[in-house]
Every structure is written in C-alpha cells, then in structure tokens.
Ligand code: SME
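Just the one chain here, laid out as structure tokens, in the form predicted on its own.
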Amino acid sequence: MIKVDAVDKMNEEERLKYMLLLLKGQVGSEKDVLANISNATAIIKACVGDLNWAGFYLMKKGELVLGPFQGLPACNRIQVGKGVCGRAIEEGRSQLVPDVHLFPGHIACDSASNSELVVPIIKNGKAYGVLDMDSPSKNRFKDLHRVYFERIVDVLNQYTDWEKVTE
C-alpha cells in the first residue's frame, strides 16, 4: 500500500524524491504499461501540490493522443509542433513554461492552467509521447521539477515497452 500522508510535512525536493521512490516501487514489479502510467499519474498528483492536471499523451499515427491522466477532461489529440506538448516532441526536450499565456500557440485545454511542464518520452531515439503537468499558478515549476520529472520518464523507460501502447 502506498502512503502519501507524509508528503504534507515534506519540503518540495523531499516530495519529489519520495514521488520517485514510490514510482520505482510501483512500476518495478508490474509489466502492464497502462497500469504503470496510470499509477504514475496518481503518484504525481498525490505528491506534487498545486497541480490541476498531470498525465500522458502518447504518440499514435504521428500525433499525440490523450492517455491516462488526473484532472479535468483534456484535449484528445495534439499535433506535433503544436502547443507545449507538441513542441516538446518536435524539439525532443523538456518545456518549462512559467506563463502559458505568453507561450505562442498554447493550447488551452483547461482555462485554469497558468504554467506547464512537459517532458518528452524518448527511448532508443524514438519519441513515444509526453508527460504533462499543469498548474493554476504562474511560475509553479522550477528547474528542480524538470530534473525530477525527467527522472520519472527515465524510470518509466526502464520498465516500459512503449510499443505496446503506441502505434
């Protein structure tokens, strides 16, 4: 059983370290991709405060398609190069956006979102999707968050056969 009540007493970096520890424990013994990324979103949402959305978009037939998430309903499909998620795939690097309203071409799936962090999922040189986090607060995400969310993708890449959920 996962316990997250302790995160209330932790500082931000302790929360992120704990989140990574929980994720490793959860995905290390499970091979089902959807189960693992569904639990990853729940762990993120439970451990990271001030989020209104956390989830995955997966590459299918050349575009990003909504995957498991926590939050309000979201855009079903995003074209590569469009919005923050599409830009992360196009450039092959994380996108840390302090104010989404200043990001050219931002796609507003939830009008409450004001900042965003998107980490591309790239394994063996192939892009499989993105891990996307939105916050209602501007400047919510710092470089510390980018580092830890990139580590989350690294952990998922160790245990995930992305080919099973993308086409």
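The first residue of the sequence shown is number 1, and the count goes up from there. Keep in mind that what you see is a predicted model, and the values were worked out from it rather than measured.
This protein has a second form, the form predicted in complex with the ligand, left out of what is shown; the following refers to that one.
- None of 104 to 112, 137 to 145, 119 to 127, 28 to 36 except one has non-hydrogen atoms within 4.5 angstroms of the ligand in the predicted bound form; the exception is 104 to 112.
- The ligand in the predicted bound form comes within 4.5 Å of no heavy atom belonging to residue 96.
- Among residues of the shown chain, residue 78 is one whose heavy atoms approach the ligand to within 4.5 Å in the predicted bound form.
- Within this chain, residue 89 is remote from the site of the ligand in the predicted bound form, having no heavy atom within 4.5 Å.
- Residues are counted as partner-facing when one of their heavy atoms sits within 4.5 Å of the ligand in the predicted bound form; in 37 to 66 these are 53, 57, in sequence order.
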